[in-house]
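The chain below stands alone and is given in structure tokens; this is the form predicted on its own.
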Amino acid sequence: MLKENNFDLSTRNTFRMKVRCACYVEYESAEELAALPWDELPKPIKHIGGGSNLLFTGDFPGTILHSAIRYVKYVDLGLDEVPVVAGAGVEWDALVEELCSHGLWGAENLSLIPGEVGAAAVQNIGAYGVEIKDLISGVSCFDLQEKRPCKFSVGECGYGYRESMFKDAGGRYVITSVLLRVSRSPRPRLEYKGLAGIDASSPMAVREAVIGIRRSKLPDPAELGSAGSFFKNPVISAADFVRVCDAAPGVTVPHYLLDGGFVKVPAAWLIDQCGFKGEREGGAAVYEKQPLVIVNASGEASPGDVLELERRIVATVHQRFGVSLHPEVEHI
């Protein structure tokens, strides 16, 4: 176990914000987590994963917890469906690569998404027509309120678009492991237009195609600080969609029809239409290849730079289209 006071978090968040926390604790098992001296830890207590979907808006006055539970277990019963248990601290993309290398289908569309297994289950990560909830059977947790282990089935997790009951619970539950179910049988999901016509002969072939698409659009966090897609794609009513179309005469507005008459409009398109691609605010900037991403362009951007750029984007999109953008990135 690692426990350190006044800890530098700049290497624990992919935005590379230069912030600190009063105390940092990294544990290697659910037993170590349960045995922590809870009354002595600086408050509040916040659990993070790989730091790839959050923005520290300043120094954190309490304790940051991080999982180093990094095991992967296969429950191979010789059936088509293969249960896999992964510790919360396992790097998500390393797990996807391992599953694909074994010829197991289900996770390949979620390749190259940064972060760790536990945080992926909290966020309900998704890409190219697949969400992690499609793979999850259940999760094991530690209840910080009652200080005891507990489990939830996927139906109890309250999954929605980048949502889960873990977010609504205000950090009460710390995920320690996730039970996934993958398949031996070919089950490629190629509905996303960018995947049409790709080699789908194996999950690894689909993975490589997805990686190629992501690398063409998104910055490598190891080279340019960011938290990936900064905003959620807004889901609006049919009447609001008509107003969006009216605000962009002569332009075909990209959209996806959802149940109940709702329409999802790409936030990237709305931001691009407002001329923000490449726009800067101090050391922060809108990524030139993908306006949905805000980057630490200078390497020295402050949280204030990112927040001000976010504010400008939200205000401008709302003024032109009447649509409210909401961040996908968690603000801490």
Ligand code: EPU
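Throughout, we count residues from 1 along the sequence that is shown. As the structure is a computational prediction, the values presented were derived from the model and not from experiment.
Below: the form predicted in complex with the ligand, not depicted.
Chemist: Would the ligand be touched by all three of Ile236, Gly261 and Arg320 in the model of the complex, meaning a heavy atom each within 4.5 Å?
Modeler: Not a single listed residue reaches the ligand in the model of the complex, so no.
Chemist: Would you please decide whether Tyr128 lies within 4.5 angstroms of the ligand in the model of the complex, comparing each non-hydrogen atom pair?
Modeler: Result yes; Tyr128 sits at the interface with the ligand in the model of the complex.
Chemist: Taking any heavy atom pair closer than or equal to 4.5 Å as contact, tell me whether Asp272 reaches the ligand in the model of the complex.
Modeler: Asp272: contacts the ligand in the model of the complex.
Chemist: Taking 4.5 angstroms as the cut-off for heavy atoms, does Gln290 touch the ligand in the model of the complex?
Modeler: Although the ligand is absent here, Gln290 would touch it in the model of the complex, with heavy atoms inside 4.5 Å.
Chemist: In the model of the complex, is there a heavy atom of the ligand that lies within 4.5 Å of any heavy atom of Ser229, even though the partner is absent here?
Modeler: Contact with the ligand, yes.
Chemist: Just one of 84 to 92, 144 to 152, 171 to 179, 187 to 195 has heavy atoms within 4.5 Å of the ligand in the model of the complex; which?
Modeler: Among the listed stretches, the partner-contacting one is 187 to 195.
Chemist: May I ask you to choose, among His102, Lys167, Arg214, Arg243, the residue with a heavy atom within 4.5 Å of the ligand in the model of the complex?
Modeler: None of the other options qualify; the answer is Arg214.
Chemist: Please pick, from Pro266, Gly283, Pro42, Gly58, the one residue with any non-hydrogen atom lying within 4.5 angstroms of the ligand in the model of the complex.
Modeler: Flagged contact: Pro266.
Chemist: Counting only non-hydrogen atoms and a 4.5 Å cut-off, give the residues of 315 to 332 close to the ligand in the model of the complex.
Modeler: Counting only heavy atoms within 4.5 Å of the ligand in the model of the complex, the single contacting residue of 315 to 332 is Glu328.
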